[in-house]
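In the form predicted on its own, a lone chain appears below as structure tokens.
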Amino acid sequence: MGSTALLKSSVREGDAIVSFDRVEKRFGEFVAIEDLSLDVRRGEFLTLLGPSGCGKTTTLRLINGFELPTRGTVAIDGQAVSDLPPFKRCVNTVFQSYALFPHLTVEENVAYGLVIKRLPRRDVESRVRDMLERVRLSDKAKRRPRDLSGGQMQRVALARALVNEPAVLLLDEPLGALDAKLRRSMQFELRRMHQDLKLTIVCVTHDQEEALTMSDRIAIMNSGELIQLGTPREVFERPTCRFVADFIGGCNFLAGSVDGAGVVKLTDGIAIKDGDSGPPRKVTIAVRPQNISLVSPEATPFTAIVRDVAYLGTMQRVALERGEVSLHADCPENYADIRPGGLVGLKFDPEHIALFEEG
């Protein structure tokens, strides 16, 4: 195919198929991506997660070629791609809007990329038929997008991307247009397709639940920087900084200190956790709402006033106040007779307390 050949993957599963090496992207004076080094492993589902404007979509566009790096190198399958236009990269992108052609049928939408490549008609029909079976839309082949549900349109968009056999599938907020119930269903659908088809997927989202549900690894970004990279369990249970702890799942934060014996104490001297010995230091104590137990105020010196109780079906969220500090605790719906204005004791699960040193 000469100079116009698409990049084809030859790396083994687990090897890096996409690599960022100290990549920077500027738009004028604005730094969208700063010194990004990141490998995407073949066969993994990697999610770029962060708040709006953190640089995750720009990172995706650097992979598909819609943006070029200001500095550094982006490589696919070991080949630098900064000089390659999007159509010469073996990647496909599924957007939030799906971008389906309304005048074409489902099978015509899926076949579009293959037709553009001038593949033989028999090959096109065979690959489209196989892909529609894989996404469970064979019975919708003659329908048009207007006749489909949101989840079905999402699967058509996925089929259209996958039928081209990309080395990497890019998902840009793929479930953002769906309602909450369908979104949860599609999270598991995407996970199933990833596993069944052994895909390499890079997904952009700001939805923490999506990232935790679907991903093998999560790259958390903020202000153009990669803040933490790890499995869903690692970033949730072992956040490396206050931003990650607060962004993933939410946390309560309390001022405290660690004494020479390693005991973690609140600023008023109440000890809440033993620890390793070390130099005395000030810390921020982070604990998630589900790791706080509400007990009798006589059972612990650490008490708070109940300000509000919200019923959330399988649990209740309790808003608490301790002096000028606001806290939240999650507990079973029938956990206790907790009423606004009452005094309760608080106990933390010491195995699920994170400490962040000040300064």
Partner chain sequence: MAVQEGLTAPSSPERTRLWSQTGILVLFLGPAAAYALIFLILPYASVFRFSVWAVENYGIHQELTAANYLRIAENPLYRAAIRNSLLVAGIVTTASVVIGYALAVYIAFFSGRGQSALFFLLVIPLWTSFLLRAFIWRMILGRQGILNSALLWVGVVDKPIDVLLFNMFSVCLTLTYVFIPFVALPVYAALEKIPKDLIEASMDLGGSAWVTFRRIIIPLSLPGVVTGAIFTFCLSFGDFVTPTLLGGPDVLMVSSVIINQFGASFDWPMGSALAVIVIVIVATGVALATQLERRNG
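Numbering follows the first chain given and starts at 1. Rigid core (definition): largest C-alpha set, two forms, superposition within 1.5 Å. Just so we're clear, the structure is a prediction, and the values are computed from it rather than from any experiment.
This next part talks about the form predicted together with the partner chain, which is not shown.
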Item to complete: Decide if the three candidate residues Val91, His103 and Gly113 all line the partner chain in the predicted complex, where lining means a heavy atom within 4.5 Å.
Response: yes
Given 36-44, 314-322, 288-296, 58-66, the stretch touching the partner chain in the predicted complex at heavy atoms within 4.5 Å is 58-66
Query raised in the report: Can Thr267 be called a contact residue for the partner chain in the predicted complex at 4.5 Å between heavy atoms?
Result: no
According to a 4.5 angstroms non-hydrogen atom cut-off, is Pro120 in contact with the partner chain in the predicted complex?
-> no
Mark Arg155 yes when one of its heavy atoms lies within 4.5 Å of a heavy atom of the partner chain in the predicted complex, and no otherwise. no
*Is Ala141 one of the residues lying within 4.5 Å of the partner chain in the predicted complex, judged by heavy atom distances?*
no
Partner-free chain; cross-checking the partner chain in the predicted complex, the single residue of Thr240, Ser257, Thr213, Asn164 with a heavy atom within 4.5 Å is Asn164
Note: exactly one of Ala80, Leu197, Ala180, Ala99 sits with a heavy atom within 4.5 Å of the partner chain in the predicted complex, namely Ala99
Next item on the list: Establish whether a shift of 2 Å or more occurs at the C-alpha of Glu107 between the shown form and the other one, with the two forms superposed on the rigid core.
Entry: yes
On a rigid core superposition, would Glu209 pass a 2 Å threshold for CA movement between the shown form and the other one?
no
